[in-house]
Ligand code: NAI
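In the block that follows, a single chain appears as structure tokens, in the form predicted alone.
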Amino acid sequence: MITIIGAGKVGGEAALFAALKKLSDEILLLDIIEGLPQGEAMDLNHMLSEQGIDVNIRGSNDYSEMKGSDIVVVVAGSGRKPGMTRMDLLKINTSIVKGVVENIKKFAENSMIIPVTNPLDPMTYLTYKVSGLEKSRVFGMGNMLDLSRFKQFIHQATGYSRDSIQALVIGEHGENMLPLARYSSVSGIPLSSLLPKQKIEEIVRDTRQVAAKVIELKGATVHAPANAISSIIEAVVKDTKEVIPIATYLDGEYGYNDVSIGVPAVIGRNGVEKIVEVELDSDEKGWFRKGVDSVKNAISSMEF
């Protein structure tokens, strides 16, 4: 069973993607707002019925109903408003996510947890520490979402098929993220062979800033994060061993300890099965360090 805690726009859409991909026979939407998860479940089930998809979605306000969950997605918390950074949400969401994780620990102690709540990297760290789970069982969504944006900008700049684009984003899910142009290509052709340096720098800058633009225009990001969530779940359920950039706890990898941040990892039925360490040049190391410092500073101010 998949449980999604937080039945707002992203949670509901994540349930939709997971159901369309048939990633579980049963999906539970949990929320503290009475009626919201139940109504969302009804609406989704009506659509699934017409589509002939035999996935049952339930809505509840009772944490005990997540018993037996294999995967729990944590979307609960306050979302970014126009003009806010992800870090602006730190104090608000720390207590919310802590309470959610304590309930997961109580009712679904054998699950894997995918944090989505911002600021993503500190919330992943908090989830790992409060849950007491092995680090392989807690992995945040962040860079998988950033990757989708990076790919779109590459598509726009080159005009080539989205299906032929390979790209990678690591580091903080925030203003210090590291889109790795050196490790990005179109059908194996390095991005540097297709676009001038100035254009690549523009794409990297736009990738870092575009979430704020979407929020300014429509109030929230919904479809891309929901898709990112379902892609990570799919890698676990289908044991694909896909290399996906996720936020996970570092214990010496990339030269850092006691921090959760985005890195490429092999994702399968055991969660984070291996962290892949790519070689970074001096400039890339500098950006990655900025992200680590930002996350560690956030962690040091958290009370949990």
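Throughout, we count residues from 1 along the sequence that is shown. All values reported here derive from a predicted model rather than from experimental measurement.
Keep in mind that the form predicted together with this ligand is missing from the display, and what follows is about it.
K.L.:
For the chain seen here without its partner, which of 29-37, 268-276, 46-54, 244-252 has a heavy atom within 4.5 Å of this ligand in the model of the complex?
P.N.:
Contact criterion met by 29-37 only.
K.L.:
Check residue 174 for me: does it contact this ligand in the model of the complex (non-hydrogen atoms, 4.5 angstroms)?
P.N.:
Heavy-atom contact with this ligand at 4.5 Å: absent for residue 174.
K.L.:
Given that the partner is absent here, does residue 78 sit within 4.5 Å of this ligand in the model of the complex, heavy atoms only?
P.N.:
Within the cut-off, so yes.
K.L.:
If we define contact as a non-hydrogen atom of the residue within 4.5 angstroms of the partner, is residue 214 a contact of this ligand in the model of the complex?
P.N.:
Residue 214: no, not in contact with this ligand in the model of the complex.
K.L.:
State yes or no: in the model of the complex, is some non-hydrogen atom of residue 170 no more than 4.5 angstroms from a non-hydrogen atom of this ligand?
P.N.:
Outside the cut-off, so no.
K.L.:
All three of 122, 179 and 292 touching this ligand in the model of the complex at 4.5 Å, heavy atom to heavy atom?
P.N.:
Checked in the model of the complex: no contact with this ligand for any of the three.
K.L.:
Note which of 100, 113, 154, 232 lies within 4.5 Å of this ligand in the model of the complex, where distance is taken over heavy atoms; exactly one does.
P.N.:
Flagged contact: 100.
K.L.:
Of 210, 96, 194, 90, which one comes within 4.5 Å of this ligand in the model of the complex, counting heavy atoms only?
P.N.:
By the 4.5 Å criterion, the partner-contacting residue is 96.
K.L.:
For the stretch 202-225, I need every residue with any heavy atom inside 4.5 Å of this ligand in the model of the complex, listed N to C.
P.N.:
Heavy-atom contacts within 4.5 Å come from 220, 221, 225.
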